[in-house]
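The chain below stands alone and is given in C-alpha cells; this is the form predicted alone.
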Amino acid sequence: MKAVKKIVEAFAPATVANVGCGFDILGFAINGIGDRVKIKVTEQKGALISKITGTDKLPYEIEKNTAGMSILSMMQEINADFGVEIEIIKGMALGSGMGSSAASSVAAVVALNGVLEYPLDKSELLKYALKGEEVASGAMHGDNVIPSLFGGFTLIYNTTKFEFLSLDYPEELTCLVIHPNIQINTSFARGLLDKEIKIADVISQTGSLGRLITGLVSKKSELIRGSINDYIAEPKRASLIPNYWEIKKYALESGALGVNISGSGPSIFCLFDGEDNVIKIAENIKNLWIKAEIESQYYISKINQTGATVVYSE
C-alpha cells in the first residue's frame, strides 16, 4: 500500500480500565490527557523510532516498544511500500494506570493509517494496537485499547475476538482520576491476582457488574452508586497504593458514586453525578498524599466520546 501524506500526528486519550467490577472487560476514555505519535514517511522501507519525549524509560527497539510493535505489525500486513520514522510524545507517566501503553499503541496505528492512500476503518486498526499493548502487559487485552481508539464507555463481551459494545451513560457523569507519582508495572500487578477465584466472589462481582451496566444504560445514578465493587483485583492491589483505603472512604463519604483503582494502578478514579465540589475533593485527596510525601496530579473529565484522532497532517 502507498503513502500519500508525508507527516501525520495522532492523539489517543487516556483511559480508565476495569472500572472496578469489570476486570478486563470494561473501560472508558477521558479528556485532557493522552499520548501523541508522529509518523514521517521515508523512502527506505522499515520502521525506525527516531525520538521519544516525555520519558527516558522507553526502548527504541521496534519490537520492544508498544508504538513500534503496533506500527510494525500493521506495515507488514498492509505490505507498505514505504518506511517510517516514529516520534513518540508521552503525555502521561509509564505505569500510571491510565492506559499509557495502550494510548501509544493506538496513536501509532491511527497516525500510520493517516498517511495511507486507502485508510483502513477504525475497527481494522484494533488488532494492530492490541499487538502493541501485548508488549507492555504480557497479555493481549482491550479494556484500555478499545476505549482509547473508539472513545466512550465500552464493554468487551468476547475477550478472544475482542468484540465489544459501546454503552450509553448519563451525560452528567464526571470522572476524577488522581495519579500519585509512583509506578506500578502492569505485568507485576497482574501477577498478584489469584489463579482461582471463590465462587462467592464471582457471584458478588457479577452482581455488581450487572447493576453498574444497568445504571449506565438506564442513566440512573442511584444504580451506579455502590455498584463499583471489585472482589478480584482491588484486594490484591490496594496495598501497592499508599493511603488507598483512606482516600476511597473519603471520596465515597464526599458523594462519589464509586471509587476504585484505575487499571492496574496507582491511579485512582472516582465517578460523580456532575461536577459540583469535585475540584475541592481532588485537592483534599492530593493533600492526603502530600502527608505521605507523595506528589500527585488529578484530572477531571466527562467521558471522551471521540477516541483517537489525527491532529496534524501534511
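The numbering used is simple: start at 1 and walk along the sequence shown. Everything numeric here is computed off the predicted structure, so don't read it as measured data.
There is also a form predicted in complex with another copy of the chain; it is not shown, and the following applies to it.
This chain is drawn without another copy of the chain; in the predicted bound form, the residue among 155, 115, 80, 92 with a heavy atom within 4.5 Å of it is 155. Only one of 232, 75, 86, 189 comes within 4.5 Å of another copy of the chain in the predicted bound form through a heavy atom, and that residue is 232. Taking the partner from elsewhere, residue 218 is found to have a heavy atom lying within 4.5 Å of another copy of the chain in the predicted bound form. Using a 4.5 Å cutoff between non-hydrogen atoms, residue 182 does not count as a contact of another copy of the chain in the predicted bound form.
Contact check for residue 139: no non-hydrogen atom falls within 4.5 Å of another copy of the chain in the predicted bound form.
A residue is said to contact a partner when one of its heavy atoms sits within 4.5 Å of a partner heavy atom; residue 171 fails this definition for another copy of the chain in the predicted bound form, lying far away.
Using a 4.5 Å heavy atom cutoff, none of 32, 57 and 62 lies near another copy of the chain in the predicted bound form. Annotated contact segment (heavy atom within 4.5 Å of another copy of the chain in the predicted bound form): 192 to 200, selected among 130 to 138, 192 to 200, 173 to 181, 107 to 115. Although another copy of the chain is not shown here, in the predicted bound form the stretch 46 to 71 places no heavy atom of any residue within 4.5 Å of it.
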